[in-house]
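Only one chain is given next, in structure tokens, and it is the form predicted alone.
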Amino acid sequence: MILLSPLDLALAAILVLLAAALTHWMRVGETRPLLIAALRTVVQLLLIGYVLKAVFGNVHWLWVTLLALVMLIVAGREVTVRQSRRFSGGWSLAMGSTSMFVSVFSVTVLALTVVIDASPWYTPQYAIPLLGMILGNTMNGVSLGLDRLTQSASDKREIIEAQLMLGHRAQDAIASIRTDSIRVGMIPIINAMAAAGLVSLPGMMTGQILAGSDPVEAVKYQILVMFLIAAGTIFGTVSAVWLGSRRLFDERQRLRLDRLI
């Protein structure tokens, strides 16, 4: 594998700076978030690199579990911060974290114990990368789904309340919005699967090929990962949107937009 020097990374960073300058010149308004995200990428990846080096050198289920919980909490927070409207009182965090915990951890454990059959099953070399890839993509789906749910409920308040006054149940009144929100959350992973191999070479496959692995074996792992990501994303998005649609109404079947901020 060809090793990268700090100069190589600096050259790549120049491209991001040029992109930031372009967005500033065009008054897009995302220059500062872009630069902050780039800085966070450098700091966070360097930190996780040293953490993983330590975890790989001291294999124990406790360290793997602790790292997985930290990843889940951070993902739960990221789900909420970019939504135009979100549930107040930490409900968005709770819904996102709960749905991701149920879907992502179940899919990851199944893959480690049945498909890959790692020994022990919590071997960090397999557990952490798989969990990170599934969690990251599920986070995107959950965030998009909840954002569409809350925004659509706000925009279509009159329609929902009219259906409630006509005698429809709360979950029937919001059924079309719930379905559309789930569809939006599924779009990224469906696009990624449809374009894999033709438009894009997914990250895990590319990394293994760059590291010198046999391309066919790299493809096998990438197919496995794509299927795991699809399952985790869909299960997580459905769970989060279902919980969110329940939270939008009280026990008397009234729409409660005051629960959003």
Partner chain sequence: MVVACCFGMIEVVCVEAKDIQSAGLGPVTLAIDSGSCTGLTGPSGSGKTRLLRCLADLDCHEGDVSLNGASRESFTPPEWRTQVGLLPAESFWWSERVLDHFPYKQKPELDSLDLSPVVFEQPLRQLSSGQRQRLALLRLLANQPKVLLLDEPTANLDQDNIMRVEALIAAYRNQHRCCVIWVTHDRAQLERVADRSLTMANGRLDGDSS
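Residue numbers count along the first chain shown, from 1. Quantities reported herein were computed from a predicted structural model and do not represent experimental measurements.
One more form of this protein exists, namely the form predicted in complex with the partner chain; it is left out here, but the text below deals with it.
Undergrad: Quick check for you: of 90 to 98, 132 to 140, 153 to 161, 116 to 124, which stretch puts a non-hydrogen atom within 4.5 Å of the partner chain in the predicted bound form?
TA: Stretch 153 to 161 is the one.
Undergrad: Scan 82, 169, 183, 77 and let me know which has any heavy atom within 4.5 Å of the partner chain in the predicted bound form.
TA: It is 169 that has a heavy atom within 4.5 Å of the partner.
Undergrad: In the predicted bound form, which residues of 105 to 144 put a heavy atom within 4.5 Å of the partner chain?
TA: Result: empty, none.
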